[in-house]
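Just the one chain here, the form predicted on its own, laid out as structure tokens.
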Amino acid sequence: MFVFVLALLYPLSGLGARVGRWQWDGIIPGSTATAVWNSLSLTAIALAVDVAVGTPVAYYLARSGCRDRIVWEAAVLLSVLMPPLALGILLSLAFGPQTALGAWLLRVGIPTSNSPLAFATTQVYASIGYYILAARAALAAVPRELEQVAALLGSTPLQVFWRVTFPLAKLGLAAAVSIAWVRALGEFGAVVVTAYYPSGMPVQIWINLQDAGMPAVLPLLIVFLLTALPLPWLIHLLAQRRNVSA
């Protein structure tokens, strides 16, 4: 087991490789700090959309009949299985000026590519399926009998959710949020097609690699890892701790 873990974590040793003196930016001053801000702020917006839209969908899937659940989960799963590059190309076409929707959005002054809106929208499409599937599993694990008892005692559906369902599913929902966060923050293949500008961290890492090499990549890579990894890692540890204590 030790050898396996050592081999699994070995790529992290690349952070200590000798690549020359590190530089914070590539050839454009301020590009790295801007990329960090773009990624964090726009990913937060995308994540809020994932939770606001995905939670009701996940709850419906968790409580719907078997036949309905299979049909709708298949649609959600399709978005998860979509290759990122294919997703980016399809989004650029579907929201491009050659379609009725894309032409209308451009007429009313809403840019459908290379804009913060395009960036966040692409992140939502790339991550919401992951959130829904993970949230559905968390909500489905809550015994329906407890919800029914709360309803019989006079609680409204919203009260049942906040007083019964959410407390029992909150750790699983937090895991769903962390999965969606990592998926949205790390999206490159789709975003590079729809929103090369404004550059987020994945795209800026690629730009720095092309323009200035590894010395300009590693500082941003460290920031990228520190913003992507801790949340799901801590949630996993909390889940394991709760399982052990149970």
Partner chain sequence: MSVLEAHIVKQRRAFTVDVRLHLRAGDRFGLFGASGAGKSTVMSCLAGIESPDAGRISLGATQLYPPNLPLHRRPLAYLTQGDWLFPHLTVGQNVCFSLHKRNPNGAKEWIDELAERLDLRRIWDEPVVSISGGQARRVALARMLVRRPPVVLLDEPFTALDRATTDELVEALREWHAALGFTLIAVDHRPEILRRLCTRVAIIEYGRIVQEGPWSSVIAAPATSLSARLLSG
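Positions refer to the first chain, counted from 1. None of these values were measured; they are calculated from a predicted model.
This next part talks about the form predicted together with the partner chain, which is not shown.
Among 83, 111, 97, 143, the residue placing a heavy atom within 4.5 Å of the partner chain in the model of the complex is 143.
With the partner omitted here, the stretch from 111 to 119, 70 to 78, 83 to 91, 166 to 174 that lies within 4.5 Å of the partner chain by heavy atoms in the model of the complex is 166 to 174. The closest non-hydrogen atom of residue 149 lies within 4.5 Å of the partner chain in the model of the complex.
In the model of the complex, the partner chain lies within 4.5 angstroms of at least one heavy atom of each of the following residues of 152 to 178: 152, 153, 154, 155, 156, 157, 159, 163, 164, 167, 168, in sequence order.
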